[in-house]
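Form predicted alone, single chain, as structure tokens, below.
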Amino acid sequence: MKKWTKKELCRKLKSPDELTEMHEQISGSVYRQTFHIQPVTGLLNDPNGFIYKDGVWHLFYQWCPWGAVHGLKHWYHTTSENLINWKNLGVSIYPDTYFDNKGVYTGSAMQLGDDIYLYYTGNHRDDDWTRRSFTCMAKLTDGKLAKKYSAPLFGPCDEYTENQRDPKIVYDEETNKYYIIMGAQTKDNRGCAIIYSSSDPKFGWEYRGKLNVPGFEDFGGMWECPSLEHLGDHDILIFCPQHLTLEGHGTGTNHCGYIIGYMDYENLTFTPDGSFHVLDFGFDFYAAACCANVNEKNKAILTAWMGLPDASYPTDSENWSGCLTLPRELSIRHRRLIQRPIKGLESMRENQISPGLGMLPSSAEIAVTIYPEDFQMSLFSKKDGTGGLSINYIDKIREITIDRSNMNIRFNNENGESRTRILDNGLTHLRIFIDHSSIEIFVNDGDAVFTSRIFPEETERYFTLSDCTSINIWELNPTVKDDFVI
């Protein structure tokens, strides 16, 4: 693998022409997606600034142009009118000021009046590489580019380490104030969230203190991408605890999950009503972001980075990596978050494929209805039925397991190659979305989701399965154009 120097990592993008040849090479990759947002070149990671306004969904993501590496980050802008067909608009925020000289990091968005404002972490480093994180604001001006405010909203808090980032702005009606929740790390290396508040979202921000989450005072070494969402009669704390292992997730130390509970903004206390749950049981899911301005009490829309920090992927050698998940609709059922594919994805269906052929299109939707009994399915197997990604359900213990260890191209093996979930009501239905290098498995109308990157070779285009009530397979039309727009 290429070793990047600091100079290469922090190289400034001066002209789109610098990336033209790279994009042409990347666009020929057999693993380019057709209905997932992906980078024009280089690395895509966290979704940012997800917001709905006047019939348009705006979604940004962190982008490093030069390769599959966490170098100098920008905010890249995409839009959609239906959450299905996405259009590349180009870079919205460049790392071109003192406050973000080494990267425009993760953040959120809020509509104020007729305008969209973006809140982000400016990653600053001094000549000696000392980091300071500034919370910055920009106004979306012409639908694509954002105009930065001349000064940050506030700088780092000395009570914590240099790891302070990912501002999520929310408004609380009871206190009539705006709040920014950020991920942080205490001086003794414990993960936490910290809170700032203001009566005006454009200035006057004051540090309020650390978010108190009883029972989670020592849960991981850093909390990334924290978010407070309100759904129905509950508040939800979504965050990514790092530097800890969870049962059933191998040796991986980067997780994305949630706690359902109740938020008291006046006393900066989130009272849990249950345990921490991972949002997705697959291998590649991180930095989940909910859309602002959905304005429906019982629904939220979420997307996430289909990748992990400190991980590598087979397309790294092609100078690109990363994509975003399909947007999902969130609801609460039995004190757990339920994730369903957004409505309207049926419009992507083109040809219905006969299951008798035993072959998989490169982009497909599969719907399987299952007897209440043991079930096995292998996707991306070879013609003789061997290999592939397996789905195995044992009804006696109501346990479903996804295993990708038998695919030809294996990666990130140290984090484990199988994931398991107990299904309280057994297994009755699977809805599976396959793109050229990803798979998203929705179980029982949202009881569980398994999201993973996969990189099948030409010989891995078949599937096998045990008896089931019915199976339908559709080839899917492209909905995300791979346009070169900077």
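For every residue, the number given is its place in the sequence shown, counted from 1. Keep in mind the model is a prediction, meaning the values are calculated, not measured.
Keep in mind the form predicted in complex with beta-D-fructofuranose (FRU) is missing from the figure; the text below concerns it.
TODO: Counting non-hydrogen atoms within 4.5 angstroms of beta-D-fructofuranose (FRU) in the predicted bound form, say which of Lys73, Lys148, Arg404, Lys168 makes the cut.
DONE: Only one listed residue qualifies here, and that residue is Lys73.
- [ ] Could you tell me which one of Gln38, Thr451, Gln62, Ser437 places a heavy atom within 4.5 Å of beta-D-fructofuranose (FRU) in the predicted bound form?
- [x] In short, Gln62.
Open item on the list: Only one of these stretches, 340 to 348, 102 to 110, 262 to 270, 169 to 177, has heavy atoms within 4.5 Å of beta-D-fructofuranose (FRU) in the predicted bound form; which one is it?
Closed with: Partner-contacting stretch among the options: 102 to 110.
Task: is_contact(Glu224, beta-D-fructofuranose (FRU)) in the predicted bound form, heavy atom dist at most 4.5 Å - done: It does: once beta-D-fructofuranose (FRU) is placed as it appears in the predicted bound form, Glu224 has a heavy atom within 4.5 Å of it.
TODO: Using the partner position in the predicted bound form, report whether Tyr286 sits within 4.5 Å of beta-D-fructofuranose (FRU), counting heavy atoms only.
DONE: Flag for Tyr286 set to yes.
TODO: Although beta-D-fructofuranose (FRU) is absent from this view, report whether Trp305 comes within 4.5 Å of it in the predicted bound form, heavy atoms only.
DONE: Contact with beta-D-fructofuranose (FRU), yes.
Task: Residues in 459 to 486 close to beta-D-fructofuranose (FRU) in the predicted bound form, defined by a heavy atom within 4.5 Å, in order - done: Contacts from 459 to 486: none.
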